[in-house]
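There is one chain below, alone, in structure tokens, taken in the form predicted on its own.
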């Protein structure tokens, strides 16, 4: 069987469609498209090397295959196929039509509604840029349940990450700030933030858009505003960005509500030259629920993160273990089945930072590092997507945390 030389159209293209083209296609995050033979052929040996080193597709959770439903890692058979194809000179085979039909511009298919920043933001060639915020009315006259949502920057080269929040009509968060105008809100970004000012969608390097199972949805109450919070990074070349968010809606009221929040610790100080500095954040769940997905977030000194569930009887489960965190690939990890969490369980986030000279990405090992928006500063955050039956308000999740805090 191994004596048969793999061909691009018959053997390689199906692997690229399943495991690579979500990023490796025109207009997406990867630096080159791999949709056609002409595009893939020059990179054949690079593809071989990347899959044999297990650097592509990116994945950092320490878990057996099958634990996470969105695990993109290749099988040994798939790796062998790509290796043998490259080493045979990357033969084409007989052309066939692609099996996957991508929607141009969107990974969720054609959205039913698109909300854009009213104007573009000019990103300078150099220097630090404060987090930018813009408030955009949704103009929804009735409650809308979102089943798929995707955040798309127009300049991925300048957007490190973007978060879109829902601000319900009665929320006081960032009231007084102008609608439709970009502003920094430095030092005041959390002023008035409540439990119902929810994270509705996130753009992270390498992360998937939010496509929910049947019967699940995220709520945007009638009359809500969407608040874009965007981290721009200068890269030596000035540019403009006008981020947008596309949505697909449920045709009927769903059974389960997705509620996204961040468990974070903002009170920390990482000493200069510290190679293994631990920061812990916790949150106590006040009702029975399930965890649908987790997404670690740290900056350039981030080394590893573990997320534990400590039950009321003090038994522990590891929900996520990322021993080698990568700032440039901030992935979302979705268990194959939602994880049941009983009332009174403590979710513990254990973040480890490397502020030593051995960290090649460290901006300055001599600096004492604290919480901050810029990449030279740090964050200790895990975004968690909880599941609740629709009649239950997300407010029921909360009670005072024992340590750390909720961002």
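Positions refer to the first chain, counted from 1. Being a predicted model, the structure only gives us computed values, none of them experimental.
In what follows, reference is made to the form predicted together with heme C, a form of this protein that is not presented.
Stretch 56-64 is the answer when you ask which of 56-64, 334-342, 348-356, 365-373 has residues with heavy atoms within 4.5 Å of heme C in the predicted complex. Among heavy atoms of residue 47, some come within 4.5 Å of heme C in the predicted complex. In the predicted complex, none of the heavy atoms of residue 80 sits within 4.5 Å of a heavy atom of heme C. Contact annotation for residue 20: at least one heavy atom lies within 4.5 Å of heme C in the predicted complex. Put simply, residue 379 is far from heme C in the predicted complex: not one heavy atom of it is within 4.5 Å. Screening 74, 261, 295, 319 for any heavy atom within 4.5 Å of heme C in the predicted complex leaves a single hit, 74. For the options 102, 183, 329, 249, the residue carrying a heavy atom within 4.5 angstroms of heme C in the predicted complex is 329. Annotation for 283-310: no interface residues with heme C in the predicted complex [heavy atom within 4.5 Å].
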